[in-house]
Every structure is written in C-alpha cells, then in structure tokens.
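Shown next as structure tokens: one chain only, the form predicted alone.
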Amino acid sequence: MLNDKLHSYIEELIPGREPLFIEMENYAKENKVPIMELVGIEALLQLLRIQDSKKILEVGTAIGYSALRMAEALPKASIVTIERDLERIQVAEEYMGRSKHGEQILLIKGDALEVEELVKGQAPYDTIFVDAAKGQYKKFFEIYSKYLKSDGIIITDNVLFKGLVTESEIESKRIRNLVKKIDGFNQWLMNHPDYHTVILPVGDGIAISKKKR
C-alpha cells in the first residue's frame, strides 16, 4: 500500500471532476457509504480505457459513483450494475437521473447471488468489476465469470482490505472472519487454473484477472 505522503501526492495530481462527482464523494463520506478511493478508481478507469470496454458488469452499485465514473470515461460503453440495498438504489437512481451519463447504465435491483438470469440476458461482457460483499467474492466470480468474453478481464476491488490481510492478530471476530475470507479468495484467485491474476496495491487493493489462452 502507498504511504500517506505518496498517496496524497498522486491524489493532488488527479484532474478535477464534475461537480456531481464531488457531491457524490461528499455524500459517501458523510453517510459512510464505501466508494472507491480516488487513486483506485483512476486506475480502474485507465484499465477500462486500455481494454476499450464496451460492455461492463458491475457487482455492487452502492450510490452509483463508480458506474457513473465509468460511463463518463467510456461514452460508448454500456454498464449493467447490481445492487440489493433499497436505500442505496434510491440514491443511485437520483444521481443517475441527474447525470448526462445515466442513460448508459442499467441498474438491476436484487441480490447478486440471485439475479444471474437478468445479468445473463445482457451478456457477454468485456469487463466485470466486483465491488460488493467481500465475503461473497468467490461466489460472485464463479457465477459471473462465465459471461465474460474470451479476451475480457475481471477486476476485483478491496482485496487488501486496508492492509488487514497481512495482520495476524485482529480483535474483532467479525473483521477477523472477513479478512480470512478475503485472504482465502486471494489465494484461490492467484492459483486459478483458468486466469492470470495480478494484485496491485492501489486504493484498497485491486486484483486484475485475465483468461488464459
């Protein structure tokens, strides 16, 4: 993970964002809604540009911040995003309705473990971005990777979980169990027979997986 000085330096270099995005960042901070860190989302957007993604699946909408950022960065792309939390869905829909990029986004309401048929109907995808319940990452990957194009990539956020994956002593049992699941997912993913994966210590840690040829 980057030290604080380097992280601040990189953040200060990032160009200004649309007022709506600043508003969403402030809302997320005030209401403790987890959205991608600035450095992390800039890395994500650059990966999508390199991939030239036209169809993106996002598992975990929250308030729609990353979906709208992806839509802005890739004006020709369409994004399918999944969210189960009704309050966050309402906020996301409001922001999407106020944005000129909202028309690129299809919001599927429901549990990502239960809406496979709806997601399948929009497949295949150039990129799958997983940023939802961390304890379910392996299940999300197994369910939705089958709808990835042969040359597609899967990006998974929060795989370093504030650096806690390196800690051996964690007081909270809930956090300890979650860290164990994330570490188990990382071990499984890095040794997956069908994917090449790299973990970048950017933001909260992102894993980039590409199908082996």
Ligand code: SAH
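Just so you know, these numbers come straight off a predicted model, no measurement behind them. Start at 1 and count along the sequence shown; that's the residue number.
Although it is not shown, the form predicted in complex with the named molecule is what the next lines describe.
Using a 4.5 angstroms limit between non-hydrogen atoms, Pro34 touches the named molecule in the model of the complex. The named molecule is not shown here, but in the model of the complex it comes within 4.5 Å of a heavy atom of Phe140.
The closest non-hydrogen atom of Lys100 lies beyond 4.5 Å of the named molecule in the model of the complex. Interface membership of Val159, defined by any non-hydrogen atom within 4.5 Å of the named molecule in the model of the complex, is ruled out.
Here the chain stands by itself, but in the model of the complex one stretch of 160-168, 147-155, 52-60, 177-185, 52-60, has heavy atoms within 4.5 Å of the named molecule. Shown here without its partner, the chain carries Tyr125, Thr197 and Lys211, none of which come within 4.5 Å of the named molecule in the model of the complex through any heavy atom. Contacts between 71-96 and the named molecule, taken as any heavy atom within 4.5 Å in the model of the complex, involve Ile82, Glu83, Arg84, Asp85, Arg88.
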